[in-house]
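Form predicted alone, single chain, as structure tokens, below.
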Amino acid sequence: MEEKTNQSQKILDAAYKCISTKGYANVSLRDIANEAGVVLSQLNYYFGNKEGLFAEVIKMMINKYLHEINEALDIGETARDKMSSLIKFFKEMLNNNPELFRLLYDLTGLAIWSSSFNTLLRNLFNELSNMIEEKILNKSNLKDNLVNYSSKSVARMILGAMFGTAIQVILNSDEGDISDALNAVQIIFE
């Protein structure tokens, strides 16, 4: 049983690497099998098909990502401290692991057309919004012009601003000051 787990994890790791460096559309199952050092039939054995494999990659990415963001949101006492920690996390991810964001954006595009990917990504964004709402917004005083909005709406706005800025950083990696735009999200607490 352990060998089966090791083989499937080896395939998942290879798929993650291939998709995050080449993009979903540019990766074949053969590329993944070669990267994993397995025969092509093993991918079908463990995951059924390309969509099944990629759904497992998304689940792996989501679990890792949610765990890391949760840890970032546990840093600090005040809502402002927690927001600063979240912004720092996003900046570090953009600098040190832009492949994760590329993969996330690639899979978000796929989620528009695939119901199984849609459910996974929708759940990710809902969970992220819930974390922001619970760990930051429910412990803060929002600026006067935001008090008429639900904390859920503000959490979604923060998440959208951060992901929107992140994609601009990825698309304009030579324009370093874009990542500083993430700091502007703090304005809701001033």
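Note that residue numbering begins at 1 and tracks the sequence as displayed. Owing to the predicted nature of the structure, the values given are computational and were not obtained by experimental measurement.
Separately, the form predicted in complex with the DNA exists; it is not shown, and the next lines address it.
- prompt: Which one of these stretches, 152-160, 35-43, 130-138, 56-64, sits within 4.5 Å of the DNA in the predicted complex when only heavy atoms are counted?
  reply: Result of the contact check: 35-43.
Contact label in the predicted complex: residue 50 to the DNA, heavy atom within 4.5 Å: Flag for residue 50 set to yes.
message: Although the partner isn't part of this model, could you tell me whether residue 7 comes within 4.5 Å of the DNA in the predicted complex, counting any heavy atom of the residue?
response: Close contact exists here: in the predicted complex, residue 7 approaches the DNA to within 4.5 Å, heavy atoms only.
query: Is residue 69 one of the residues lying within 4.5 Å of the DNA in the predicted complex, judged by heavy atom distances?
result: No - in the predicted complex, heavy atoms of residue 69 and the DNA never come within 4.5 Å of each other.
message: Test of understanding: in the predicted complex, would residue 121 fall inside 4.5 Å of the DNA by heavy atoms?
response: The answer is no: residue 121 has no heavy atom within 4.5 Å of the DNA.
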